[in-house]
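There is one chain below, alone, in structure tokens, taken in the form predicted alone.
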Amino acid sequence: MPDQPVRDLTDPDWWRSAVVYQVYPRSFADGNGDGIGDLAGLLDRVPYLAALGVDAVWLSPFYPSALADGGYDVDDYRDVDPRIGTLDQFDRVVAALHAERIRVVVDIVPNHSGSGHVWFQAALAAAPGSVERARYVFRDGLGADGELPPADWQSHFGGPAWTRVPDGQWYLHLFAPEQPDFDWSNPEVREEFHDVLRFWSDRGVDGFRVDVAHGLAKDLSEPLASYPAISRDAVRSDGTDVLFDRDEVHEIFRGWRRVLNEYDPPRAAVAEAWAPEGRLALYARPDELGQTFEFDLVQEPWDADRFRVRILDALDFARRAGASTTWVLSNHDLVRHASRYGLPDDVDLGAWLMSDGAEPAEDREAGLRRARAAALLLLALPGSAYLYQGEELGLPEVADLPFSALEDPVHVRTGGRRKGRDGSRVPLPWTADGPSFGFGAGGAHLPQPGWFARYAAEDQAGDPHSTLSLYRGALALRASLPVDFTAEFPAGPSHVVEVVRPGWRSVTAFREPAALPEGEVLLSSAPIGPDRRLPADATAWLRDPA
């Protein structure tokens, strides 16, 4: 494994080609044995992250929260949930990661707060029309006595997006009722989040992942317009949609960029945004957030043509935005890709989860083989890559969680019609035995299946052929190879995606074997035969013989 160059923490452009590792704190490592992951556990695992070779760690929400939505219902944007730790522990985590030249990115959740937030509690106690209620979206109801919601807007999690309070008014929540939406036309809300950005930047945070970035600006003019169903494909493409991707949102993020640029180096940001084709690039402009997640690949089956089209489209979008692409295969909201690639292409993932993973049976061997190949392809592309905790272990989805154990509000809000996202949030297996597979001295807040033992990080660390060793080798090579923002995609067999970078190349064979071009094989996701045939569902990196 080559020596990695020392990362320069003063580089203002680090985010353009960074490998960022997402930590879902409650499921990463438990330091105090109460069954919930915490900052003490994360601090203990900093050497693991350093050995993995990532450039940055992204922390999903760790703020005080009622956990109505896995921490994305924030009750205090300037503190740490006491079940997870303290601000002092947060500072120690940042210092420990920085000592390993690893940057820190934190989640910020600006579309809504938690219902326990001091502002929302003040709004409930105040009268209609008050300044306290003006920070959120409160409206009188329809009908003779205001007994009907103010509009037909629906929640992402199922059911109406409005909840009535005792004095008769209704408040908006595009997610769970415990997640009231802010009114971003209110200057007080804008200034509050500028201060939140400064609070964490002053503590050494290097960047922010912006949750639901496309949802802040809404058409709140009276009467409220009809919006009976939420669908990504139905969002207007001209910036005038009622709820999503409105033109006004970009004024908000230009204000954020001015705050982020107060620091040296400027703080980075990446948008979680769903927008019509051609508009996603707006969030990544240099005077706004700078990057957006590239989610198109997570919607594609294991198919060379589909991957090639999505990759080329994403790179073109990044060039037009003056940004770099962010590649994603899994995260806390998605079925893990090691499972997605092990299922028939036509399977509905929601229906599969509801069947407890029994129908159809998941081909874990094929899924892992393709997940390893996809990881090398992803890491060979120009731009930055976001890895989700456990994917470096090859973890599949835990599809057979009992309904009694589910924590995701999606299951309750849909009346049990959708199982939710808990299957990708099960605590990690660090050891093959012991309490909760080494997650912590106690149990785990979500049950871990017995087969987790086969994926234990401790065992994989000593196996040169393991998925963990593959990731470590790939990240070390990626850091040592020439990486700029150019790539060529030579024509070849339809089942092959080849990426040519300065001095090296990546070759991925989808579903069928492929002949490798000339060049020293630097790394491969599967053994290469003596005839230099790349097996089906495999990726190899080669040095350019020239």
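Since the model is a prediction, treat every value here as computed from it, not as a measurement. The numbering used is simple: start at 1 and walk along the sequence shown.
There is another form of the same protein, the form predicted in complex with ligand GLC; it is not shown, and what comes next is about it.
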Taking any heavy atom pair closer than or equal to 4.5 Å as contact, tell me whether Phe182 reaches ligand GLC in the model of the complex. no
Any non-hydrogen atom of Glu178 within 4.5 angstroms of ligand GLC in the model of the complex: no
Partner contact for Asp333 in the model of the complex: ligand GLC, 4.5 angstroms, heavy atom: yes
When the contact criterion is heavy atoms within 4.5 Å, does Asp30 count as touching ligand GLC in the model of the complex? no
Taking ligand GLC in the model of the complex as the reference, which of His173, His337, Arg209, Lys218 has a non-hydrogen atom within 4.5 Å? Arg209
If we test each of Tyr388, Phe193, Phe157, Trp162 for a heavy atom within 4.5 Å of ligand GLC in the model of the complex, the one that passes is Phe157
Ligand GLC isn't shown here, but in the model of the complex, which of 493-501, 38-46, 474-482, 66-74 has heavy atoms within 4.5 Å of it? 66-74
If you check in the model of the complex, do Arg16, Arg198 and Glu288 all have a non-hydrogen atom within 4.5 Å of ligand GLC? no
What residues, if any, in 260-286 have a non-hydrogen atom within 4.5 angstroms of ligand GLC in the model of the complex? Glu272
